[in-house]
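Below you'll find only one chain, the form predicted on its own, shown as structure tokens.
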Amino acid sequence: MNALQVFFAMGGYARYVWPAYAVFFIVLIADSIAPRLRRRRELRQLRARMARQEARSAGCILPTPSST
């Protein structure tokens, strides 16, 4: 076997090592994406709340989205 095959075989433990690396990287990616998605959602909700508040103060009443 060449050195690269030996490395990827991980001394016979590749079956356990590579899935562990995969889970680690999946969690790392999810951990970096989740706050961005949460921030977008919060900003969208804040903009909607501000628009409703502005409409109320202007005398117009906007329909609120139904939560069904």
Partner chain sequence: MSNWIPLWLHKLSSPPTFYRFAGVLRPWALALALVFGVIGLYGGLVLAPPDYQQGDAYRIIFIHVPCAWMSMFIYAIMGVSAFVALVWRIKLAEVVAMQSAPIGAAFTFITLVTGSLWGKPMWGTWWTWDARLTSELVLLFLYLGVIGLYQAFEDRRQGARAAGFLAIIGVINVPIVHFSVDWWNTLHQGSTVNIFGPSKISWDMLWPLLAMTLATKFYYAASLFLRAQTDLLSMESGKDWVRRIAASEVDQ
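Residue numbers count along the first chain shown, from 1. In this text, the rigid core denotes the largest set of C-alpha atoms whose superposition between the two forms falls within 1.5 Å. Being a predicted model, the structure only gives us computed values, none of them experimental.
What comes next is about the form predicted in complex with the partner chain, which is not displayed.
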Partner contact for Ala58 in the predicted complex: the partner chain, 4.5 angstroms, heavy atom: no
Applying a 4.5 angstroms cut-off on non-hydrogen atoms, the residues of 28-48 near the partner chain in the predicted complex are Leu28, Asp31, Ser32, Ala34, Pro35, Arg36, Arg38, Arg39, Arg40, Glu42, Leu43, Arg44, Leu46, Arg47
Phe25 C-alpha shift between this form and the one not shown of 2 Å or more, rigid core reference
no
### Message
Once the core is superposed between this form and the one not shown, does Ala51 show a C-alpha displacement of at least 2 Å?
### Response
no
